[in-house]
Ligand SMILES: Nc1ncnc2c1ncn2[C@@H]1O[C@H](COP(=O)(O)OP(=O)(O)OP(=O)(O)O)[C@@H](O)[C@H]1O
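Presented as structure tokens, the chain that follows is alone, the form predicted alone.
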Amino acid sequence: MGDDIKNDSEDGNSPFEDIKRQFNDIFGSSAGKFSFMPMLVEGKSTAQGQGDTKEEDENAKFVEKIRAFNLKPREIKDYLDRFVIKQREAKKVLAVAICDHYNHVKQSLNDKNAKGKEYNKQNVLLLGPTGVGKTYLIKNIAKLIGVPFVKVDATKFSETGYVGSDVDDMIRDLVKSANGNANMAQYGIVFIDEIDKIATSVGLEGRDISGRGVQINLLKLMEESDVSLFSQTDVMAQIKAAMSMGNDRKHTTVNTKHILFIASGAFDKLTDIVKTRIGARSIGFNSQNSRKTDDSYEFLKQASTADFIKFGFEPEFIGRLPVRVACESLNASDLRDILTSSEGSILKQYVDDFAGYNIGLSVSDDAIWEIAQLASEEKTGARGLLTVLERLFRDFKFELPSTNVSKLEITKACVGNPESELEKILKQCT
């Protein structure tokens, strides 16, 4: 429908008349009740003019910030160390890739001659189990640089976009994260999680989805493509597109040339492929080559392009993700460090929650270690901490705000039996 509107409007017809005509075709005579008021959008009001000026000022400031990019890889890694425990190699690789990418963007903005130079974008692939900090790493990088960021799930996309989402929707979501500013979005970061789920070896029944088709569509975005801000399957979006043709054409598409794409996945089955290739598959319990499950990191580090192709990725697709790094799983000691050392520790959130009820929360060192060990048994990485803490504090949060308790001290014994500890506290209040 959008193409029909564009062609007719170029012949001199009003896009509003085209829309009305198409409504008549679709809905019959009842569509005649629709009335459009083109004077509200064809001419810019004073408020619109002021809005445009404000947006232009924001764009200018943002572009200047990109032009002034001067971060060094070590500075980015040092910043990430404040939030993410472990993942030393992943931090180094990401820091270098980020600096290479935004230095190229800066050169393209500052030097007209640089625009025509060949450049292979440093799109990144992160491999590793859930809850090790993959998303958190990228989110903090985007925050440090000050660029728009969006996280999407690869499993929600389909080849056609009619069942599931169109891959272009991730760019539209990036624009939304930039408060609708398309110019800012074209320098942002798109994080695609669960990328291993669109390998062609993984089948999803009852859904119009082709792993190969989604990969091919993603290829266009990861290189350079102009993405329409208006989905072809969204009638209202097409109406907005037609209404904006006359005076806002430059804001209807986003170019992906300078958008950095970072994909991630657990890649459990890839470990077996690598083991087979390097002859490290365990045979029997007494095999000298037998390894613990935690050693999957060692195999993921050795994954080659051929391994990814055998896993189910198209050669062209995996070739667009040249920077690859494996993330380590987290043990109980790492989880303890997250609670005590990370600036984003979930424990700080619970301290703030209780402070909202004027209750001071303190957790002993042995209690923290007990929490970390229980979280490790969850096998979900740092997410296990939230599971354990929620289970520990749920009844305290419910009961204590209605009492005169002003201090809550959590010990190892309390972690093991929170109900008993809460009962003691409540008896003291009566």
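Residue positions are given as counts along the sequence shown, with the first one as 1. Treat the numbers as computed from the prediction; the structure is a model and nothing was measured.
The form predicted together with the ligand is left out here; the points below concern that form.
Checked against the ligand in the predicted complex, the candidates 130, 225, 177, 302 yield a single residue with a heavy atom inside 4.5 Å, and that residue is 130. For the candidate set 107, 135, 255, 333, a heavy atom within 4.5 Å of the ligand in the predicted complex is found for exactly one residue, namely 135.
Residue contact with the ligand in the predicted complex: residue 382 places a heavy atom within 4.5 Å of it. For residue 145, no non-hydrogen atom is located within 4.5 Å of the ligand in the predicted complex, even though that partner is not displayed. At a distance threshold of 4.5 angstroms between non-hydrogen atoms, residue 193 is in contact with the ligand in the predicted complex. Contact annotation: residue 83 falls within 4.5 Å of the ligand in the predicted complex, judged by heavy atom distances. Partner proximity in the predicted complex, defined as non-hydrogen atoms within 4.5 angstroms of the ligand, places exactly one of 302 to 310, 179 to 187, 122 to 130, 93 to 101 at the interface: 122 to 130.
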